[in-house]
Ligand SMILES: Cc1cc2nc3c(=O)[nH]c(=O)nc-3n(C[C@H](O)[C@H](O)[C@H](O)COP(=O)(O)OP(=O)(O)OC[C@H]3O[C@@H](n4cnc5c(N)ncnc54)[C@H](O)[C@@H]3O)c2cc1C
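Presented as structure tokens, the chain that follows is alone, the form predicted alone.
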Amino acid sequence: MSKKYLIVGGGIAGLSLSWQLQKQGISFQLIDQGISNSSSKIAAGMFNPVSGKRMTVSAEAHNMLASLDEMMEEMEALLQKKLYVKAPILQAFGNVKEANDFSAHLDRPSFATFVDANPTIDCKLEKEFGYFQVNGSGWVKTVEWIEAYQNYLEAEGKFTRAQFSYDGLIEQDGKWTYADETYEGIIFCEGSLFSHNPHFNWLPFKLCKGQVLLINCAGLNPSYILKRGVYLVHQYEDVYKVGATYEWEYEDALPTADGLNQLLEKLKQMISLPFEVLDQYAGIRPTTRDRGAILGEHPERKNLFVFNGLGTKGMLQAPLLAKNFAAFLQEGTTIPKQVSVQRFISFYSNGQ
């Protein structure tokens, strides 16, 4: 009898994993309750090989991009939809120090590979301190992709639209039964809902609220992502997504006036064109204390797995991590230590 897994959560992580399991011929069922403001749906779906103010580039950046290319090209063919946009990022410096620091980063070959230090693009980006171009970047139309792929899996009988009940999970002889179906293992890809999970709520997630705007702005070049404090990503016609805030203390997952004002202030520093705010959204990111994803098996409960914590680099990381995780399930390969749940084993031990 072939192995079959239950994937809990149908966002970027869960769908990327289901795609990889399907490629490997591993049976699965995916369950998701369809939260409208999940971080996967709120996010712009950007992928960027250069990370943060320190402008770091992962040693796996090329492999991540190759896996993303593979997944999204197959998704577009399968779903018959244009979902994947490759577009350079034009990033302006916010001050003189940022411009000066940038020069030092160019000495790193891994950084220089993805960067054009002297772009000549005519754009509407406010760039009095200078700017540079990041290549190997772009975005996935996450809302369309999530909806289309969930619908495809549902038609295949592999997707259930429902809230998962932890009380309905029954262990027997090392396997798990849920809704009268027996599985080799349960894989939790729940995003910020991890806190409700009695099996993995000991993990040191550090949830972060993010707010974004949808604006109408004529005169921008939709072929580029603009970035200065916030990003600006084309959606359709003259509509763009602007984000995002990073809020470590918050009361709920709802949009706020403060979030609106933060985004408007940074947007006005980035472009001088007139714009109209069409909508505002908010969601909770499943980030972790060390900003690394968390993959692996529960320290005591056999065949309970976690695939979570992809954070702001979710779209870039997910396909390659899913490939690694499928190999772990199928062949028993080792999960890279920088994303392994084992690095947080002391949190479980101390809580028992």
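These figures come from a predicted structure and were not determined experimentally. A residue's number is simply how far along the shown sequence it sits, counting from 1.
Keep in mind that the form predicted in complex with the ligand is not shown, yet the notes after this line are about it.
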(request) Answer for His298 alone: is it within 4.5 Å of the ligand in the model of the complex, judged on heavy atom distances? (result) no
(request) Report yes if any heavy atom of Gly191 sits within 4.5 Å of a heavy atom of the ligand in the model of the complex; otherwise report no. (result) yes
(message) Even though the partner isn't displayed, in the model of the complex is Gly292 close enough to the ligand, meaning a heavy atom within 4.5 Å?
(response) no
(request) Verify the contact flag for Gln163: yes if a non-hydrogen atom of it lies within 4.5 Å of a non-hydrogen atom of the ligand in the model of the complex, no if not. (result) yes
(request) Give a yes or no on whether each residue among Leu6, Val306 and Val341 has a heavy atom within 4.5 Å of the ligand in the model of the complex. (result) no
(message) Based on heavy atom distances of 4.5 Å or less, which listed stretch (90-98, 117-125, 208-216, 254-262) is in contact with the ligand in the model of the complex?
(response) 208-216
(request) Could you list which residues of 217-251 come within 4.5 Å of the ligand in the model of the complex, counting heavy atoms only? (result) Tyr231, Ala244
